[in-house]
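Presented below, as structure tokens, is a lone chain in the form predicted on its own.
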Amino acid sequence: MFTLKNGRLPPADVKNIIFFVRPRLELMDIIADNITSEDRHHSSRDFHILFVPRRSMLCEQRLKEQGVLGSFINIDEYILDLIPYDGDLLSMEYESAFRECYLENDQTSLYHTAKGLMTLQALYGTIPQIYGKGECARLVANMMLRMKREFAGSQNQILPVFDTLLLLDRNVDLLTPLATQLTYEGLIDEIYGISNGYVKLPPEKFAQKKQGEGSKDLPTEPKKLQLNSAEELYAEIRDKNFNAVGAALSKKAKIISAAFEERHNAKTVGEIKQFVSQLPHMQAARSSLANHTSIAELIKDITSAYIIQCFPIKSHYVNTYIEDCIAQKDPLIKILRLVCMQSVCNNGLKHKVMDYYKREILQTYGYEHILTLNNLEKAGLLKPQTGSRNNYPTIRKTLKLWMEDANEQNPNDISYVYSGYSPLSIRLTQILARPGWRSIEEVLKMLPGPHFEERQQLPSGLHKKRQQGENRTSLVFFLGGVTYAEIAALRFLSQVEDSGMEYVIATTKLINGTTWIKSLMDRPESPTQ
């Protein structure tokens, strides 16, 4: 398997070449270049193309214009909507969903979402209640209800696994992805980027752990690690605030050390045999501990440059701080995140301030970024103040979004994931479960887009009989992306004893502030960033 890129295809002794691609026009140009290069070298290979998740007439038309459509023996689609990333996490990995919805007014991703949710219902039963907040959420719910009517009579008789579905638009809560995530998993993603469940890390810290190899050359290849709940230690620490990770690693180190010391107490053959049988698991635990200790050290070394993004928004000197960052030519993404945070929290920027920021950014980082600034305005992340009332303070107080004394070590509220800031999206989810959205009707009206509730009729005999103390299960679908910190907050709510609700998370894309802003940029590969 090779990554798609321009030029001739990599040499391989094969007859059939299959292209697995998203239905995007720019990718069709690369494929056309590949095939043209092969034809010039008189290759006799057979070409096939599979569009993921849906076939596209526009893409086929582009291939026809490029003169290569006839080169394909098979043109088909591979329906891959929701990809399981963990036991409680599904993602479509649709990178451009937010951009398409809010910049290009393209609802393709919403159709794919609706299709994915219908597939999920075919496997796990009809979800009786659908709640939503936002324009895109309303559209997805409408598509689902229409599809259900179209397929009436062909539904599987399956007892529902999910009690409720909550559809949330990303633009209902624009602030959360802009802030720096402060959970262990969130910081790994912020600093190094988690891609498809893997992270690539600088090799130096890991090489130094090996004894007797100090004189050897350090490896230059990045250390690639898989990150999911299959690894016991990672499942335990990933959702903790980073300040609580050190204590957790220290505790684990003592447990592992004590387990290895047990070998001295093994006297009989049976005891020795039992110890040997546990050895592979203990060695894997020790290796896992070494890896995560190294990662924690790496994060601690460079974390101050990132975490500072969470707090200036509360300061009266935010303008000066952003000016200083621009003057020092800090990464453009950092500047854009700070400026957008200030805009979102203040219902826009004063015209004078906004013009100043724009001028400074364009003069410092290049005039090509005028397109990016325009995109941020279209998406609602950056806007001038219009004189209308700023509702954010009311929303913040009513929903208790800022907690001054957040307990990072032993959390009692979701605000621990941002060391004091509770993600608005998760607070809405929490209130929906108890006491319900009717208690915050006025706040919901202040947030963008409609809020709604729909009920889906279940076939007779499929109504769930709930046992005493049995939790309800809710599927929360984020349209436009979700951060690892929000996922951690939902897992925290699932574990709270009296919550009565377990959450499964689904999204169009796993994002952080950097990848999200990049998806809205027209030249994200520019070296000035």
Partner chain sequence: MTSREEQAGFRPGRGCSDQIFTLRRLMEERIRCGRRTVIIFIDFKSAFDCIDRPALWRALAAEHIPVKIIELLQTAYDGSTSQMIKSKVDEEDYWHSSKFKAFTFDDEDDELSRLKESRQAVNNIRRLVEEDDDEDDVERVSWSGEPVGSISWSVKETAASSQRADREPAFPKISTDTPSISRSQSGYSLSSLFKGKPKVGNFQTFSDALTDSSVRLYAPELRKPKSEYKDYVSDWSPEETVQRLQQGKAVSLERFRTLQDKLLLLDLAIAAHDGNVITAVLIYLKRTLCKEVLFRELESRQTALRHFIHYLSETQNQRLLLELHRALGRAEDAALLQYKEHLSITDENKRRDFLKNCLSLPFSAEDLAHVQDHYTLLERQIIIEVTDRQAERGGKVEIFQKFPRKALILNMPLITTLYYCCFYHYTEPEGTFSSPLNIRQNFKISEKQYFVTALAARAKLKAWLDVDALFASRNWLGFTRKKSPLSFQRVVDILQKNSAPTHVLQDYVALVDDGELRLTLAQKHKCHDIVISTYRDMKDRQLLLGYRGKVVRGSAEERKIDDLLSNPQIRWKN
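Positions refer to the first chain, counted from 1. Rigid core here is just the name for the largest C-alpha set that superposes within 1.5 Å across the two forms. Since we're looking at a predicted model, the values are computed, not measured.
Quick note: we don't show the form predicted together with its partner chain, though the next part is all about it.
Every residue in the set Arg55, Leu80 and Tyr124 has a non-hydrogen atom no more than 4.5 Å from its partner chain in the predicted bound form. Among heavy atoms of Glu221, none comes within 4.5 Å of its partner chain in the predicted bound form. Not displayed here, its partner chain is kept clear of Gly348 by more than 4.5 Å at the level of heavy atoms in the predicted bound form. In the predicted bound form, at least one heavy atom of Val504 sits within 4.5 Å of a heavy atom of its partner chain. Interface residue remark: Glu404 is not counted as part of the site for its partner chain in the predicted bound form, having no heavy atom within 4.5 Å.
Shown alone, this chain has one stretch from 331-339, 349-357, 236-244, 427-435 that lies within 4.5 Å of its partner chain in the predicted bound form by heavy atoms: 349-357. Here is the short version: of Ile158, Met446, Ile302, Met282, the single residue with a heavy atom within 4.5 Å of its partner chain in the predicted bound form is Ile158. This chain is drawn without its partner chain; in the predicted bound form, the residue among Tyr111, Tyr198, Phe260, Tyr317 with a heavy atom within 4.5 Å of it is Tyr111.
In the predicted bound form, its partner chain lies within 4.5 angstroms of at least one heavy atom of each of the following residues of 84-106: Pro84, Asp86, Gly87, Leu90, Leu103, Glu104, Asn105, Asp106, in sequence order.
In a rigid-core overlay of the protein, Leu69 has its C-alpha displaced by under 2 Å between the shown form and the other one.
Core-superposed comparison between the shown form and the other one: CA of Leu27 displaced by 2 Å or more.
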